[in-house]
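Just one chain follows, in the form predicted alone, and it is written as structure tokens.
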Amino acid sequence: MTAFLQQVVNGLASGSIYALIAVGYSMVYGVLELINFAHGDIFMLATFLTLTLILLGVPWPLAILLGILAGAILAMIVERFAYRPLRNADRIAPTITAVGAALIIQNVALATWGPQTQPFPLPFGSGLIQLGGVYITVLQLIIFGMAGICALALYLLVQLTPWGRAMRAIRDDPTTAELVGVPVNRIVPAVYAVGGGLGVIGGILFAAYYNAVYIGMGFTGTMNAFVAAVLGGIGSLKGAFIGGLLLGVMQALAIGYIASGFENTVAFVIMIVILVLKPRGLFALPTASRV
């Protein structure tokens, strides 16, 4: 039982990271029904930038804030030049431009930092807290805390602010929202910025948790986050968050009880099963249909 609980704790830690990244996916999809395929590379580049600032002697809090800001700005740039001109086009067109934007970001990062994996310095120490027979690291506590704070802040932002009401109006009917005065071309970039910022937080926690920053981390984090979003119901912020936690726990149990290296297999098996049995996910947003 102790081993099981230890795997659950480990899974909740990695799942919290997936949840933060998945929410960025779901925010964009929930508003525009578009998949931001550049999302992973945005947080990858911003995480590299954060690492560079830290190595240059910039204080940790300021380096992290600058990295989050860089990710938010880069997400808005991608929206402006890769998505907005094709917002009303056939879905394949913005998908292709998003993949193109992702490749551009990847190559910029590759030319700047190279292909080598770089360690991510940990300022949190390596302390352990024992609860019964279960060990929780200081970093895991920080991950749980950051995930909880971000989830609460996002809920308050979406539900209780004029920006959140405007975002929900665009999600329900973008044409009508624009007709009644909702500034669509200001709200949508802000959605990308918030999603990009949350992705950077997840990327920094990912780098700290695995002590590695590398070009492929955007793809690794993105694929798990995408599965989490599909599991929870892509477009649903609550679903993306819960889906991330569930995926992390199931991957950790697969590592503990099957074999290390099976976590990605489990992720894709879960996605296939969910798509077959419940294509819209576990917590998909309700939709109206004409009868």
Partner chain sequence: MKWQTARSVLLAGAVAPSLMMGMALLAPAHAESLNFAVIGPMSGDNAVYGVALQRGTQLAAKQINAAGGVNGDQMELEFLDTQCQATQAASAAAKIAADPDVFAVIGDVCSSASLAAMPIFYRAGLTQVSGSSTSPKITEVVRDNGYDNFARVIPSDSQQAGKMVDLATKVLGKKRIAILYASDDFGQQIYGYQQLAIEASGAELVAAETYTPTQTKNFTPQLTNIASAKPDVLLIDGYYNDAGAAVSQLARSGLGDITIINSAGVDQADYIKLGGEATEGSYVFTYYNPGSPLEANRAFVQAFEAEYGEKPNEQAAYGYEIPFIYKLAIEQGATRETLAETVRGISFDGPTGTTRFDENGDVLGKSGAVMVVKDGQFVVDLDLTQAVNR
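Quick caveat, the model's predicted, so the values are computed rather than measured. Residue numbers count along the first chain shown, from 1.
Not on display, but discussed next: the form predicted together with the partner chain.
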Is L45 part of the interface with the partner chain in the model of the complex - any heavy atom within 4.5 Å? no
So in the model of the complex, does G261 come within 4.5 Å of the partner chain, heavy atom to heavy atom?
-> yes
Check: Wondering, does A212 line up within 4.5 Å of the partner chain in the model of the complex on heavy atoms?
Finding: yes
*Would you check, heavy atoms only and a 4.5 Å threshold, whether F120 touches the partner chain in the model of the complex?*
yes
Answer key, the partner chain contact in the model of the complex at 4.5 Å (heavy atoms) among L139, A193, I77, L154: the residue is L139
In the model of the complex, the residue from P183, G148, P162, P115 with a non-hydrogen atom within 4.5 Å of the partner chain is P115
Here the chain appears without its partner; judged in the model of the complex, the stretch of 212 to 220, 69 to 77, 175 to 183, 193 to 201 with heavy atoms within 4.5 Å of the partner chain is 212 to 220
In sequence order, the residues of 1 to 32 that place a heavy atom within 4.5 Å of the partner chain in the model of the complex are A3, Q6, Q7, N10, S14
